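Listed next as structure tokens is one chain, alone, in the form predicted alone.
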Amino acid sequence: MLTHRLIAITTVLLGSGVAPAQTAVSPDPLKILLITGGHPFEEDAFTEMFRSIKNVSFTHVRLGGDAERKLKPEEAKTYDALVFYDMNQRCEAYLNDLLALMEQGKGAVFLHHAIGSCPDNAEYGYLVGGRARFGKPPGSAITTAKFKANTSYRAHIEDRNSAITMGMSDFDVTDEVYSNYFVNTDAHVFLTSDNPLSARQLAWTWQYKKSPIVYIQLGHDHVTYENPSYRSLVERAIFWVSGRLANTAGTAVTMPGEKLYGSLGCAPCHGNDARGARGPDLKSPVLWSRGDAKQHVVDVIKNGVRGTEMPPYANVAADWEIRELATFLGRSALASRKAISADVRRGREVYHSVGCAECHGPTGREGSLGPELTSLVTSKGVDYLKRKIRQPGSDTPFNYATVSVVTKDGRHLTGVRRNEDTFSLQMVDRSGRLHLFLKDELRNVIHERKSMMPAYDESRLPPDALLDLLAYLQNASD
């Protein structure tokens, strides 16, 4: 009978108090292929986590054993999803089969150190939605990821509307954290961390070719395996990539050059949006005002820059790929310079009415607590500024991050950091006053890794008012 044939698939929450995500009905349990290898782990505790998931059966295979055979499309077609918990350094034996499965739409979940697999293959990093390089060849300037074990922090639900996190709350975890890894710009981040030892992005959804992808950075040992919230994330991720949860975060890439930007690992130096971090802004209108800008960028990517961290990529990417990367950067820079069609006069009124002048000066040129907004329009573009107004906490620059101090005489001050070294700290407080402290004069220093600027969502700043404001700042920068 019908009710006998349809089995409702519900999320098992293991005492976490999390509301179930939306699920579909299916006549059969999910079948997953669990792939490990290349990294030691607590096997019994790890596989017990999967045995605890109702309506899921799994086959555990190891790379260098049965995994290569099971990943062949003909063998893998019997599985609803793949789960990778490997850190394999040589992928030639199975990577083509894995890519073929992605062409067919096979969903995959990548956990923890799987982001460091296949370090010599650019396509793998793009497939996962991010890349971490643990270690580098002698003499190489390629940026490497860092890790820190036994780190306690709070994981924040970044997107509470995602099917994977719906009904969940922020949770505490003690785990090995990673930092200095790249995340594809179109990846949909649903879990973040504010711990200074960790990268901000902890988990994301992504679409590679026809396949839904989830990466979750958590998951080093039994302490995390047994965390109820982590178990819920892994379980929901498996159901999501299998098509059993509502798809709320599918993404797609529009330009081949952006794909290469991600797979080459450019972001740790130049930022996820290529707007600059430790390295220069690659979408700067100043750079792209040169008549030979594209060829200049191509030459730098191919040959590197002697005496800096910028390595040559001539032996890593083909000439046509490097040209596509330069085209992507140039088009984005040109788009950022397009004039905004909005009311400049009303934008000036918005600027003052919402309080921008208090931190950025009466015209946007005299930043005290905040940067000069007109220079940001010129150097980083309108799209960058729009994102920072909506989400000011993303990628806060070093000298504008919030810092709180407690002096030895008990005074509490909060402001933005201007400079800091081992022995001293410079900060500007909320009134705009500059303070210079020797650290031995302080009882405590708290780096909050966030911006003092409030987020101006659509309830505080409607879309038309935001466009007027951006038009005013663009006009003021001319």
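Given the structure is predicted, the values throughout are model-derived calculations rather than measurements. Heads up, when I say rigid core I mean the largest set of C-alphas that superpose within 1.5 Å between the two forms. All residue numbers are counted from 1 along the displayed sequence.
One more form of this protein exists, namely the form predicted together with a small molecule; it is left out here, but the text below deals with it.
Checking P119, G219, G265, G330 for any heavy atom within 4.5 Å of the small molecule in the predicted bound form turns up a single hit: G265.
Proximity to the small molecule in the predicted bound form, defined as a heavy atom within 4.5 Å, singles out one entry of L63, I53, M452, L30, which is M452. Contact check at 4.5 Å (heavy atoms) against the small molecule in the predicted bound form: all three of H296, E309 and K388 pass. In the predicted bound form, the small molecule stays beyond 4.5 Å of every heavy atom belonging to G347.
Contact check for L34: every heavy atom lies farther than 4.5 Å from the small molecule in the predicted bound form.
Proximity of C359 to the small molecule in the predicted bound form falls within the 4.5 Å heavy atom cutoff. In the predicted bound form, none of the heavy atoms of F171 sits within 4.5 Å of a heavy atom of the small molecule. Stretch-level contact analysis of 172-180, 197-205, 82-90, 298-306 against the small molecule in the predicted bound form, using heavy atoms and a 4.5 Å limit, identifies 298-306. Once the cores line up, the CA of P40 ends up less than 2 angstroms apart between the shown form and the other one.
Relative to the superposed rigid core, the position of the CA of S57 differs between the shown form and the other one by less than 2 Å.
The rigid-core alignment places the CA of D194 less than 2 Å apart between the shown form and the other one. In contrast to the form presented, in the predicted bound form the C-alpha positions of I301 and R200 spread farther apart by 3 Å or more. Compared with the form shown, the G125-A314 C-alpha separation increases in the predicted bound form, the change being 3 Å or greater.
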